[in-house]
Ligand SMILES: Cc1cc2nc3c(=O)[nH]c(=O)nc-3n(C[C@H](O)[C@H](O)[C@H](O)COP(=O)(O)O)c2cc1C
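Given as structure tokens, the chain that follows is alone and in the form predicted on its own.
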């Protein structure tokens, strides 16, 4: 992808979701995109300009006629004319993509009406490039007919909408309106502009297990756990954005999928073990994030449905320990395990698992907390590796946890004798 194809304008508007825009910017920059940030005045109530400047390495634009920074004039501009703050929006409009994330109901409405009362909206009206908006707002605002009509109008005009996700909102309500997760937005940008530029995991073959297995009791019921697969999917997304070739073995995951990532779906622990052993020989790094059921019903489970009147004692037997039973002749894979532990000495139990299961690294999280871990968008982890100090990551998004885990993996590979070929 040439330098021109990497030029993006990121517009940030006045939503609490602007906090996520810093993470999105980091992902875009890490993928090799040249990003200029426009912040509306309202967005600065949530995130300061210094945060975006630090990540992008470029001054942030905000006011229509502010002095100082403007973008470099586009190729073909008259020599010696110099950038003029009066024409900042025209120069910005020559970028390859305008991405507005988050896009508030107010900004969406003004875009639909053709109002240009700030730098971002003026840039939008001058754009001939693709425009992507990522709405973020309260669920009732999102569902309001005026907002939906405005979005349909923008889509008819060619604007690409990345819909919000459903979940707990900043206001305390639950519903649709959460800004799409940054990795999902990045994947859409890559679809439009091409593959990411070489990253520090370029060419690395990464295999990730994610989700929670299900062991059948009958044709209706099963034994499972609370794992959603969010941590595994975050690691897969971040690995992909850093240049890796990624495959995910997904155990019962209903999460958005990146078209650049290969997915293999499984249900039970035995299916996971079979697919994993068939796949892992061709990979350099294995992330075992899937939560595997420790027990299953003796036999193959009952066909049909066990009726309430049919009193039945279930005999549970242990499932196989997938990590411990991996092919130990496969010396090429760096193996990373995950330990969700509860109670006293949980950190040391996780460390012991790293050695007993012959893992190169293990990621520990304390499942006694209700605000992190299973089915949450956040996590708090400790990364442990043999012959290295522990790395503690305070409560943050799972996407950010994935970045920190991959940073440690990259260091381990760099410290090894060239890693895997």
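Numbering follows the first chain given and starts at 1. This is a predicted model, so every value here is computed, not measured. Basically, rigid core = biggest C-alpha set you can superpose within 1.5 Å across the two forms.
The same protein also exists as the form predicted together with the ligand; that form is not shown, yet it is the one meant from here on.
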| query | finding |
| --- | --- |
| Proximity to the ligand in the predicted complex (heavy atom, within 4.5 Å), stretch among 408-416, 394-402, 20-28, 7-15 | 7-15 |
| Heavy atom within 4.5 Å of the ligand in the predicted complex - the one residue of 112, 275, 141, 267 that qualifies | 141 |
| Proximity to the ligand in the predicted complex, single hit among 40, 56, 376, 365 (heavy atom within 4.5 Å) | 40 |
| Site test, 227, 247 and 250 vs the ligand in the predicted complex, non-hydrogen atom cutoff 4.5 Å | no |
| The ligand contact in the predicted complex: residue 105, any heavy atom under 4.5 Å | yes |
| Residue contact check: residue 150 to the ligand in the predicted complex, 4.5 Å heavy atom | no |
| Any non-hydrogen atom of residue 258 within 4.5 angstroms of the ligand in the predicted complex | no |
| 4.5 angstroms heavy atom contact with the ligand in the predicted complex for residue 118 | yes |
| Residues of stretch 125-146 in contact with the ligand in the predicted complex (4.5 Å, non-hydrogen atom) | 136, 137, 141 |
| Core-aligned CA displacement of residue 402 at least 2 Å between the shown form and the other one | no |
| After fitting the core, residue 138 CA displacement of 2 Å or more between the shown form and the other one | yes |
| Core-aligned CA displacement of residue 393 at least 2 Å between the shown form and the other one | no |
| Closer or farther in the predicted complex: C-alpha pair residue 179, residue 259 (3 angstroms or more) | closer |
| Relative Cα spacing, residue 136 and residue 259, in the predicted complex - shift of 3 Å or more | closer |
